[in-house]
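In structure tokens, the next block holds one chain alone, the form predicted on its own.
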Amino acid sequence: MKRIVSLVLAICLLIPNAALAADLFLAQAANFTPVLKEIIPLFEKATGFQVDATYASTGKLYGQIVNNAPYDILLAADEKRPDKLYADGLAEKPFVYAKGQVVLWSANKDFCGDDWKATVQNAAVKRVSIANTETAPYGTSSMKAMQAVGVWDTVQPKLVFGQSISQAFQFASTGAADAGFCAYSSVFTEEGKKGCFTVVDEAPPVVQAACILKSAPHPEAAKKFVEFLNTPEVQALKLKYGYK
């Protein structure tokens, strides 16, 4: 028991006081960051609720939630974790809020073409970033694409692993990697527009589900936010960033 209490306290210490004072606290998969940063101001203006969000890999957020982190909603990058929270009686019934795609992105436009498989095997491409294949769904999807076309073993020595899909993009955009498997949404950011990309058609679509947590400190605001996700203006934002 002492160990559990210590862990909960450690998690709470990681959450800024400003966040704890918010009217709604979101746990958001990192790939959706560009979209959510546009959604939150619209929601705040429409409802008057103040929102704070933590962006990380879905696996990391799930670990925090099962250790009693005080989030209201989990917006995951997969269906598996929300389904498990629901099955364990920790969340309301999940729903799909977005479907994402994987791209191979590079700051060097010489590394982009129709064939991403050729790019990752190009001798001039020394490092390829990818999100954690165990905790980040976009990393898992990228790995499955490489396995499907038979280049996983060849490319593994080049792989640089990020803890989240945002970190994988950061590695590619800062030159720590020559190219990176990233979320399609990344290419619409200011940094993403400076490079080039190829859609990885072999990567399974990343079906992203969300759920309201039964321990939500702000259930009314959480319900309002879920309703807001279905408004035409939010649907337009999702299309803008490449989500289906």
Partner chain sequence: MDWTPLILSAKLAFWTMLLIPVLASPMASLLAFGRFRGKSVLDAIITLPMVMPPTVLGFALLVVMGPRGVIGATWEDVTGDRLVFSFSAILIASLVFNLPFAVQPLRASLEKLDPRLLESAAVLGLSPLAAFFRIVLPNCLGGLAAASILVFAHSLGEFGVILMVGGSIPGQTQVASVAIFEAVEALRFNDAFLMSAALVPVCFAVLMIINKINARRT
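Residue numbers count along the first chain shown, from 1. Small disclaimer: the values here were computed from a predicted structure and weren't measured.
Form predicted together with the partner chain: not shown, discussed below.
Asker: For the interface check, one of 154-162, 138-146, 95-103, 70-78 should have non-hydrogen atoms within 4.5 Å of the partner chain in the predicted bound form; which one?
Answerer: That would be 154-162.
Asker: Taking the partner chain in the predicted bound form, would 59, 107 and 178 all count as contacting it (heavy atom within 4.5 Å)?
Answerer: Yes: 59, 107 and 178 each sit within 4.5 Å of the partner chain in the predicted bound form.
Asker: Indicate whether the partner chain has at least one heavy atom within 4.5 Å of a heavy atom of residue 166 in the predicted bound form.
Answerer: Looking in the predicted bound form, residue contacts with the partner chain do not include residue 166, since no heavy atom lies within 4.5 Å.
Asker: Heavy atoms within 4.5 Å of the partner chain in the predicted bound form: does residue 117 have any?
Answerer: Judged by the heavy-atom cut-off of 4.5 Å, residue 117 is well away from the partner chain in the predicted bound form.
Asker: Using 4.5 Å between non-hydrogen atoms, is residue 170 touching the partner chain in the predicted bound form?
Answerer: Yes.
Asker: For residue 174, is any heavy atom within 4.5 Å of the partner chain in the predicted bound form, or not?
Answerer: So residue 174 counts as contacting the partner chain.
Asker: Taking only heavy atoms into account, state which residues of 109-141 are within 4.5 Å of the partner chain in the predicted bound form, ordered by sequence.
Answerer: Residues within 4.5 Å: 126, 127, 132, 134, 135.
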